[in-house]
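In the form predicted alone, a lone chain appears below as structure tokens.
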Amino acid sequence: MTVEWIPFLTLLGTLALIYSLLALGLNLHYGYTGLLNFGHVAFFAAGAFASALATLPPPGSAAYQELGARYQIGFGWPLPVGMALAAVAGGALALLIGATSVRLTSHYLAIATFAMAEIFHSFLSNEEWLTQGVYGISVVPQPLKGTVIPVSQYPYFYLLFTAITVFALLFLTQRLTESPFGRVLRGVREDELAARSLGKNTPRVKLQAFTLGGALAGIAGSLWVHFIGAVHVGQFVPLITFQVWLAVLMGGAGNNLGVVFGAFILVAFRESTRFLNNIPLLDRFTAANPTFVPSLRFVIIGLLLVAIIRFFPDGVLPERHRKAIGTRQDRRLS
């Protein structure tokens, strides 16, 4: 492996980990609770802007003057506070959207969440006092960069930081979904009427799962915005939601480790096709038609994803179904 590949793989690893966190949130919605959420990117955006505004130097401060920036809100808080507020922002938005739509079922819920996400996107685009509108904010702090951590080493530090954060949240999510609460989520997914007949408050359970998934997406937004050092409304398009859906379906809905693996597959497929220009046989087509290789890239990505869905319809790491455990007397007799 040449040295030139190391920064590229570091970038891929960081992106895959951020998408893994988004997939974990969506897996709580769909994989465990059966909620069709097509507005996941809204929670991602809420967390990104919340973390950026929390950590930006206050307007009028010396740090603000040094940046030469023009924004109206900034608190100068440390990154952990920004991440906590990102989780609150993502969860609060999910709570708001879920409270108005979580009682809907099937495609009605999908349409409602997609519409709510577009409304939130329009809000971010038009409220320039908050988000700087179409200009965005290009001076989001990247903690320790250039001070404690050299600029050349910062991508590796941030990869490690992101990995620790994501795997800690994966551990907590795994413990949550293996708890009695996780079993209730599966019960709601399989048969909501049966769960309700057993005394479970299914609307509340679904709203709790929706809020927790939104909080995970909000933390992913925080990791994203401090990774690239800028935030702009145009970064949060509906395509991100459907890419996360692909990660969940490819990895295995209902399996936390599976959806993390699915996110890595998605990013690997998406980014590896950038090197099609280096294939000698494609040179003649590229010279005559510069858009040939970019178009071919999407075709190859689509074929690879279709192949995985074809040969692994339940995902590469499908959900493990628990077997019924007999009584102690049954085991003694056997």
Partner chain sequence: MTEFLQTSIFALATAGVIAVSAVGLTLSYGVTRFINFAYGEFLTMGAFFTLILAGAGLPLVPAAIVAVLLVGLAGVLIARIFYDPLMSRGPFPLLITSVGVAFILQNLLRMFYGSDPKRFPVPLMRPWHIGNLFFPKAQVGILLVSLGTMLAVHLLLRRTMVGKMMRAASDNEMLARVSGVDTRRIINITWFISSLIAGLGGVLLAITQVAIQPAMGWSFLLVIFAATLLGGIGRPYGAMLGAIIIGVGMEFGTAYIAANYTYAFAFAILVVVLLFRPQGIMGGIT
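Note that the structure is predicted; figures quoted are calculated from it, not measured. Positions refer to the first chain, counted from 1.
Missing here is the form predicted in complex with its partner chain; even so, the following discussion is about that form.
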Partner proximity in the predicted bound form: Phe181 to its partner chain, non-hydrogen atom cutoff 4.5 Å: no
Non-hydrogen atom contact Arg103 with its partner chain in the predicted bound form at 4.5 angstroms: yes
Interface membership of Ser152, its partner chain in the predicted bound form, 4.5 Å heavy atom rule: no
Contact label in the predicted bound form: Glu127 to its partner chain, heavy atom within 4.5 Å: yes
Option touching its partner chain, based on a heavy atom within 4.5 Å in the predicted bound form, out of Ala62, Ala268, Ile279, Val306: Val306
Ile137, Leu223, Leu85, Ala112 - the one with a heavy atom within 4.5 Å of its partner chain in the predicted bound form: Ala112
Stretch in contact in the predicted bound form with its partner chain, which is absent here, among 236-244, 200-208, 167-175, 213-221 (heavy atoms within 4.5 Å): 236-244
Three-residue site Leu95, Tyr156 and Ser272 fully in contact with its partner chain in the predicted bound form at 4.5 Å by heavy atom: no
Sequence-ordered residues of 108-124 touching its partner chain in the predicted bound form, heavy atom within 4.5 Å: Tyr108, Ala110, Ile111, Ala112, Phe114, Ala115, Met116, Glu118, Ile119, Ser122, Phe123
Cα-Cα trend for Ile265 and Ile309, given that in the predicted bound form the distance shifts by 3 Å or more: farther
